[in-house]
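Shown below, as C-alpha cells, is a lone chain in the form predicted alone; questions about how it binds or moves come after it.
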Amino acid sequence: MTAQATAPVVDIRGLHKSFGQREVLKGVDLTIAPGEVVCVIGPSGSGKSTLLRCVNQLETASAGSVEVLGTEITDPDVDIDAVRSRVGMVFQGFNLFAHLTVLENCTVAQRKVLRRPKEEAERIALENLERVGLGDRGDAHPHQLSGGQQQRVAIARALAMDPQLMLFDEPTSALDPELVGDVLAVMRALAEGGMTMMVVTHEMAFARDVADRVVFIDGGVIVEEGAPADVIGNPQHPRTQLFLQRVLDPTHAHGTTTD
C-alpha cells in the first residue's frame, strides 16, 4: 500500500481547548485510519462533543494540531470550507431547512458548494435518500417527518456531498427510543460499506457491535481506548468501569459510592 493510502484520515496531537478559564480538552492525541469506525463515549461534560467539533473547526483549538484528510485545519491559513466539503457532519438536532422539501435540503449544498447542476444534484440526493430508506419522501417538508426520519434525511444530505469522513455528534440523543433503531441501522450500513466514521454516542450496543475502536474520554483526557470487547466488555480503568456500570445498569449503579 502507498503511504497516502495508509495515512490517517484524522490525526489529533496535543489538542487543548478552553472556554474562558474552563479547560475542556487537556492534551488529546487520537488518530483515525481510513475505513475505521471510532466511537467516543463518556459522561456529559467530558469533552467528547468538543473533541468532535474541533475536527471540522466548529470549535477552534486552543493548542495542539488537528489534521484532517492530510490538511492541518489548525493552520490559520487553512481553507476550511474546502476541508468541510469532504467531511459530513450529523448533529443531535437535525438542522434541516424547514421551508425546503427533503429533496431541496439534500441538493442545496451540492449546488452551492460542489457546483453540481440541478439534475445531477437531484439524482444523487435521491440515491442517498434511497440508502436511508426515504426515497419516497423527497417532496415532504421536515415538519411532516418523524424525528428519526429527519435525522435520516440529515445523513442523506451529508452523504450527497461524497464525504471521505463522517462525524456524528450523538445522532440519536434527541430521538424517541422507538425511532433510534432506524438511524443506527443506516449508520451500521455505512460502517459496513467502509465509511470512515467518528461517532460520539451513548448507544453502547452500537459501539460494541459496530466500532473498530472505542475511546472513553473523561475530564478532557482519553482514559482508555481499544477494541470494543476490551473497553466495553472488560474495562481496565476504574473510571471506565464506573461509567459503564452507570450506563449499562443504571438502577443498580445509583447506589454506588465508588469513584
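Everything quoted here is computed from the prediction, not taken from an experiment. Start at 1 and count along the sequence shown; that's the residue number.
Just so you know, the form predicted in complex with a small molecule exists too; it's not on screen, but the next bit is about it.
Interface residue among E224, E67, E36, E59 relative to the small molecule in the predicted complex, by the heavy atom within 4.5 Å criterion: E59. Only one of 49-57, 229-237, 207-215, 186-194 lies within 4.5 Å of the small molecule in the predicted complex by heavy atoms, and it is 49-57.
Interface residue remark: G45 is counted as part of the site for the small molecule in the predicted complex, having a heavy atom within 4.5 Å. Among heavy atoms of E104, none comes within 4.5 Å of the small molecule in the predicted complex. Though the partner is left out of this view, D182 does not reach within 4.5 Å of the small molecule in the predicted complex, counting heavy atoms only. In the predicted complex, R246 stays away from the small molecule, with no heavy atom inside 4.5 Å.
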